[in-house]
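One chain is shown next in structure tokens, namely the form predicted alone.
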Amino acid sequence: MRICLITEGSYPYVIGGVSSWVNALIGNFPQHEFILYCIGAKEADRGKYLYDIHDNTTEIREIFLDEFLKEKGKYGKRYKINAMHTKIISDMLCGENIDWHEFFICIRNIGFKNVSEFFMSKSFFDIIKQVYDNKYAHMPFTEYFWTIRSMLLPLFNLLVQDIPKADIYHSVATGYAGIIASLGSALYNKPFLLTEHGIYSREREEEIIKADWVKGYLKDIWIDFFNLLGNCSYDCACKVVSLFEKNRQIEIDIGCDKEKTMIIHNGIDVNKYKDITQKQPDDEYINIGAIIRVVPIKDIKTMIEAFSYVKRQISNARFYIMGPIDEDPEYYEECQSLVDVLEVENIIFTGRVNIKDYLGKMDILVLTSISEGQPLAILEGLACKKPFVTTNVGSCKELLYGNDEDSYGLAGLVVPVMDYEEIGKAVVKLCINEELREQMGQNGYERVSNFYTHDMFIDQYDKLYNRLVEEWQE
């Protein structure tokens, strides 16, 4: 089977949960051939892979959104676009009545030699001016024009790319990755499988609401655009996989057909963690750790403030922040500055490490993310019988507290997002109660061993791939 696996902003350029999931998926299906279609933000990342590429990956296509913005062209050309083309593009700009298959064919049939030149053409100007007059005349035209151009230029450029032939198009997000999977499915009449780890459109919405680079009256346009990309995937995919029930319900609420949805949990091989090095008996510290990338969405600053709270009560506490520090150097510097301002000792940024060298030595693990899917970091910690303190995001609560299917008990404590005091209190509670830590660690181990195994994960995807191909041929 030939599978085109489409990533966006993750594998193989970024270390993290989605990337680890992709790496595990490919590595566990040696019988299948994978073509990687990787969409990144910066062309500077081309060829800079942070994972060893598996032998069954036969091709890597790399597309970077910033390379489209560098294209130049002549102003004022006219294109041979008919009334139907105009209507389809106008409908897309308004977010109305979109037949995605028709839209894809329309854009590819216009025959761009240079997409940027189309965006400088009189033909495009006439369309966008008409949409502006009908719907957006309350805002400055110049700002509207350049906003639309910034949105659509990467999208149109993606739509005119060569798409490799495959038996399945499997995207790990909606967004631009979902557009490519939808396009491949439409061009070659093959199934599109979507696995959504977080909810792409919701994550973009949160970013835009907080963003300084978008003026207030333009934020809704950007949010609508990313919702539109999400809806394209929900419309075109024949199966939509969520990692947990809460996200499946959100997908249904925002427009995905319930019949398309299903859940496949992340999985982990607990046997790989059985022989890791444990804490030495003479280690007098309470070791608290976080398996995490140092980036804003993980809210490292709240984590540091929480540890400062802990340190005032548990003098022998030590905190390891284990993960890459080079993805957002400015944020890392801000975190270091906060450590200095708070004058908190015993915080160690390890940088990128082999997590198995550290996990066994930890007494408590912490996750303070603002947004998550189903973190592999928690599964790894539970496989090592470590209790967690996490924020109430993604499936963290389900992993630590269980659901109706299990009675294993608590595997940690769930606290509100960005509440350093509650996080600190929860950590202190575990610091002073060794018996509670051990019981929660055992509960988590039982849960992950029975509901989140590597074999279950692989078996379900194997069956799903085969079923989709068979059904599509009927």
Partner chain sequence: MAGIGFQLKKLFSDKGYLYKLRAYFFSTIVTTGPIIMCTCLIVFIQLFMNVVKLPYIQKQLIIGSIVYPFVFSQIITSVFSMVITRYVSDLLYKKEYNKINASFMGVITLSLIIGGVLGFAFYARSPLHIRYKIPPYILFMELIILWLQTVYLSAFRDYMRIVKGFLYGILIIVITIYICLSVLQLDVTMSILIGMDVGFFVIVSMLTYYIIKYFNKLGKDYFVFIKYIDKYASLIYISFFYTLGIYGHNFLFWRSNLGVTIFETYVFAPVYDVAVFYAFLTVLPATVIFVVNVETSFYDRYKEYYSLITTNGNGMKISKARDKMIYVLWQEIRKLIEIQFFISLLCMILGNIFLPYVGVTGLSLNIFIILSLGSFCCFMMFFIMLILLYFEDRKGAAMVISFFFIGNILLTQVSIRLGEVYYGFGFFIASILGFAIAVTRLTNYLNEIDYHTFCSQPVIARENSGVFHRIVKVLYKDDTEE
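Positions refer to the first chain, counted from 1. The shown structure was predicted, so the numbers you read here are calculated from the model rather than taken from an experiment.
Heads up, the form predicted in complex with the partner chain isn't pictured, but that's what we're talking about next.
The chain is drawn here without the partner chain; in the predicted complex, the stretch among 198 to 206, 90 to 98, 147 to 155, 246 to 254 whose residues come within 4.5 Å of it by any heavy atom is 147 to 155. Using a 4.5 angstroms limit between non-hydrogen atoms, Glu143 touches the partner chain in the predicted complex. In the predicted complex, Arg78 approaches the partner chain with a heavy atom inside 4.5 Å. The partner chain is not drawn, but in the predicted complex it has no heavy atom within 4.5 Å of Lys272. None of the heavy atoms of Ala83 is located within 4.5 Å of the partner chain in the predicted complex. Using a 4.5 Å heavy atom cutoff, none of Arg312, Asn346 and Phe349 lies near the partner chain in the predicted complex.
Note on contacts: among Phe119, Tyr234, Phe307, Phe192, the single residue with a heavy atom within 4.5 Å of the partner chain in the predicted complex is Phe119.
Note on contacts: among Lys135, Lys279, Lys258, Lys215, the single residue with a heavy atom within 4.5 Å of the partner chain in the predicted complex is Lys215.
Residues in 343 to 357 all lack a heavy atom within 4.5 Å of the partner chain in the predicted complex.
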